[in-house]
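Only one chain is given next, in C-alpha cells, and it is the form predicted alone.
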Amino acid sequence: MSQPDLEGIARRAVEAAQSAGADDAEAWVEEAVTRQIRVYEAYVESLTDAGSRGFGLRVFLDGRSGYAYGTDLSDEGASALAAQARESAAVADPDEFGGLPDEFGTAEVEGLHASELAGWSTERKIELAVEIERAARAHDGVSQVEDTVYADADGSVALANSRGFCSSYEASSVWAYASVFAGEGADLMTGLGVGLGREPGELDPRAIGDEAAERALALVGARQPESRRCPVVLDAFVAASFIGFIGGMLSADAVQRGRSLFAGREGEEIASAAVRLVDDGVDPEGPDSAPFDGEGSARRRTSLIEDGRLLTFLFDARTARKGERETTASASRGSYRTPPSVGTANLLLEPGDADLEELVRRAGDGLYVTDVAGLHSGVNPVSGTFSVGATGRLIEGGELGSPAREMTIASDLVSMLKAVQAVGSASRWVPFGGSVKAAPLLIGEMAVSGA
C-alpha cells in the first residue's frame, strides 16, 4: 500500500472510534515485508519472506484508555476494532495522566528509506551471505562457521488521531552477521561479526566475515586469569550492552515506578566528565530514527548525560504529565500490536579522541573485555550492582596479551560510569538490545574474579 492509503486507513479508524463514543482516539497503521536468509557451507539453509499488515487503535473515554489491534483494514474491521477498544476502556482504571500529547509534529529526517533495496534479487542477497561465510572460513584456525545470516526489512507506518494529526513515513534496514568457532575441544571459542545499513550495498561482506573470524581466533587458548582489581577496557560491543541497559533505566516510567537507580538524581554527577550520552531520534544513520514517535510527537535529539551530569530522563506524554515536564518524544512501539510506551530511539555514546591502541596503552596492566554474559540478569536495576561473566584478553605492559575466560567483572553502574577515564574514537552501531552507537571505554578500575 502507498503511504496515502495507510493514512486513509488511520483516519477512518479514528472516525470509527469517535462514532463509537470515544472522547479521543489514535490509530497506528503499519505494513512491512521482512526477509531472512541463513546459509551454511555455501548452501541456503533457510529462507523466509514474510509480509505483515495491521493497525492498533487506542481510545480514551472518561479518563480511561483502551487498546485493540487487528489485521482487517476494511471499514467494517475498523468499526469492530473501535468497539473492542471502547469496551476495553470502559472497564479500565482511570488515569489522570493519560491521553494524547498536547502537541504534535514531524521532524525532517533524510535517508530513512533506500530505494536500492528493491533492486536486489534474492539471488544477490544469498550471494552476499555466502561471501560473508567464505570470508570467515578463509582464516586459518577457524574450525566452523556456525551461523551466517542476512536479513532486511522494508515498511511504512501511518499515525492519525482525533486532534487532526495525520502523517506517515517509510523506512528500510538491512543487517547481517556471522558467528564463528575457532580452536578445538576445550579451547573452542566464538566470535561475532556484524554489519548494518539501509540497503545491501552498504554491507561489507568481507569485513563482517573477517571480524567474526578475528574475534574468535584472538581468544583461542584462553585461560582463567588470577583475581585482581585493575583497569578494564570494554570493547564497543560490550560498551553498547551496558549503555543500552543504562538507557532503559533513564526511562521516566522506570523512574516514576521506583525501578531505576537514577531516580531523584537529575542534575547530579553520575559519571566522569568523559561520558556524554544522547538519545537521538533524528540521526539519519540511526536504525530507529523517524519523523515522529509512537504517539505523534516530533522526534528530536535529547542530551541525557553531559560532561558526566544527568540532565533529564526520557518522557512520553503520560509520564511527562505525571512529572510536570514536557515530552521528549520518547513514545516507542514494538508493532501495531502494542500501545506506545517510553523507550529509547538511538542511544549515542559520544566518541572521544583516543583510539583502541591508546586506551590499551593507558590501561597498563589490566583486562580487555570483548564479551559479557548474563548482563540483564546480573544487574540490579535499583542498586546498579552487577557481576557478569566475561571473556577477553589480558593487557600486559600496555599491549594486548594472552586470552582470558571463565572470569567475572563486578562493580555498580554509577561507580563504573564515574571511573570512565576515556571514551574511544571509533564508534559503531551495535544492534543488540536496542539501537546503540558506542565506542570502547577505559574504566579506571574494576574487580575481576578468576582463579
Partner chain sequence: MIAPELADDLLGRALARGGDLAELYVEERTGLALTLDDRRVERPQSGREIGASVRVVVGDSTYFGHVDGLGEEDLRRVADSVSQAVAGERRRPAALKAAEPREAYEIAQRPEDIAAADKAQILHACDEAARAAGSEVAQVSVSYVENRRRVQVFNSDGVAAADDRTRVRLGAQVVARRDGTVETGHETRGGHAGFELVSANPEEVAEKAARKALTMLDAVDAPTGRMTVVVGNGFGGVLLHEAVGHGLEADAIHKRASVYAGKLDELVAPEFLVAYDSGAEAGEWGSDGIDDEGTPTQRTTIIENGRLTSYLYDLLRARKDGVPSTGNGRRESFRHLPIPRMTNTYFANGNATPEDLIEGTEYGLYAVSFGGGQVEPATGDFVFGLSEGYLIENGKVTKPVRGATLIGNGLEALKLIDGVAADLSIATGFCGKGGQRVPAGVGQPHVRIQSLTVGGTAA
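This is a predicted model, so every value here is computed, not measured. Positions refer to the first chain, counted from 1.
Another form exists, predicted in complex with its partner chain; not displayed. Remarks below refer to it.
Among heavy atoms of residue 406, some come within 4.5 Å of its partner chain in the predicted complex.
Residue contact with its partner chain in the predicted complex: residue 374 places a heavy atom within 4.5 Å of it. Using a 4.5 angstroms limit between non-hydrogen atoms, residue 294 is distant from its partner chain in the predicted complex. The closest heavy atom approach of residue 426 to its partner chain in the predicted complex falls outside 4.5 Å. Heavy atoms within 4.5 Å of its partner chain in the predicted complex map, among the stretches 201-209, 318-326, 243-251, 107-115, onto 318-326 alone.
Distance criterion of 4.5 Å from any heavy atom to its partner chain in the predicted complex singles out 181 from the list 120, 181, 237, 165. The partner is absent here, but in the predicted complex a heavy atom of 144, alone among 312, 156, 79, 144, sits within 4.5 Å of its partner chain. Of all the residues from 238-261, those having a non-hydrogen atom no more than 4.5 Å from its partner chain in the predicted complex are 257, 258, 259.
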